[in-house]
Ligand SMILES: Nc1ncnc2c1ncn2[C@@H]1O[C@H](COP(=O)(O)OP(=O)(O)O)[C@@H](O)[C@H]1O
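Just the one chain here, the form predicted on its own, laid out as structure tokens.
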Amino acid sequence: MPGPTLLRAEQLRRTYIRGESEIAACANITFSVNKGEFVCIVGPSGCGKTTMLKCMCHLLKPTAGKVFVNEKEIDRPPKEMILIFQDYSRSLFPWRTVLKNVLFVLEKKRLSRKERLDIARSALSAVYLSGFENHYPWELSGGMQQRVAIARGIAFNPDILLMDEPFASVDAQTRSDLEDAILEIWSKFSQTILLVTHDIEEAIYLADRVLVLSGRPSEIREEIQIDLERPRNQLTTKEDKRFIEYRHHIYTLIREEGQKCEIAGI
């Protein structure tokens, strides 16, 4: 069961200045994530999902509002959090082997060399990459590269793992495999995960809760508790009547928000 509140946003807002105009990407975003929860965020295209996620970890400074980690307000990227980007090819070091890419996040930790190696190899095993330690990223498929990025994230052992459309750049079969891998990791390592995706089915399949954003400037349009049994299965879960009802409801919400944006010319 989810524990106490780990991550909280209050009235989060981010605007950009273009010439003499101020453009709001997100406004009045308020929500929380409890320890051990898996929360997904969806919304219409261009609604500011990635901007909001970067504000949550202060890679972008919010224009207004506050973010709290363990009930402490943050004003810089917190050490308790790590963000896995969609563009995994840019986040990996091509001159370092798979093992050394994972070891990178452990270099500043007070651990012995053996402890670092044990943690890195355990993380790679969790994403089914044992045996590829001495390969370089460019020798791997896209899905395998993304698994290296995920392994690096779990090796760091953050309190909360943020993921920005981490499976968007891979084929459908690899995507399904990665979804199941991240669920296994979440369960095994008791992770807390906040994941942004444009894929409605993916959000329902992974999450305890789905937050649906409005069109830009985005707000939380609706929060949906996903009442589906775990462990989940790519066939039986997605054939469940409740899964189909969730998909219909969320699709309708996002379509309505997209149409509002079209009418408003956003």
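Quantities reported herein were computed from a predicted structural model and do not represent experimental measurements. Residue indices: 1-based, along the sequence shown. Basically, rigid core = biggest C-alpha set you can superpose within 1.5 Å across the two forms.
From this point on, the text means the form predicted together with this ligand, which you will not see here.
K.L.:
Heavy atom within 4.5 Å of this ligand in the predicted bound form: which of Asn157, Thr174, Gln86, Thr97 fits that? Just give me the one.
P.N.:
Comparing distances to this ligand in the predicted bound form, the residue within 4.5 Å is Gln86.
K.L.:
Just one of Thr236, Ser45, Asn70, Ser32 has a heavy atom within 4.5 Å of this ligand in the predicted bound form. Which one?
P.N.:
In short, Ser45.
K.L.:
Answer with yes or no whether Leu12 is in contact with this ligand in the predicted bound form, where contact means some heavy atom within 4.5 Å.
P.N.:
Taking the distances in the predicted bound form, the answer for Leu12 is no, it never comes within 4.5 Å of this ligand.
K.L.:
Taking heavy atoms and a 4.5 Å cut-off, does Tyr251 contact this ligand in the predicted bound form?
P.N.:
Outside the cut-off, so no.
K.L.:
Indicate whether Thr63 is a 4.5 Å heavy atom neighbour of this ligand in the predicted bound form.
P.N.:
Although this ligand is absent here, Thr63 would stay clear of it in the predicted bound form, with no heavy atoms inside 4.5 Å.
K.L.:
Do Thr50 and this ligand share at least one heavy atom pair within 4.5 Å in the predicted bound form?
P.N.:
Output for Thr50 is yes: heavy atoms within 4.5 Å of this ligand.
K.L.:
Is it the case in the predicted bound form that Arg18, Ala25 and Arg216 each bring at least one heavy atom within 4.5 Å of this ligand?
P.N.:
Yes, all three are in contact.
K.L.:
Residues in which of 50-58, 227-235, 33-41, 200-208 have heavy atoms within 4.5 Å of this ligand in the predicted bound form?
P.N.:
After filtering at 4.5 Å, what remains is 50-58.
K.L.:
State yes or no: after fitting on the rigid core, is the Cα displacement of Glu22 between the shown form and the other one at least 2 Å?
P.N.:
Result for Glu22: yes, a 2 Å-plus shift.
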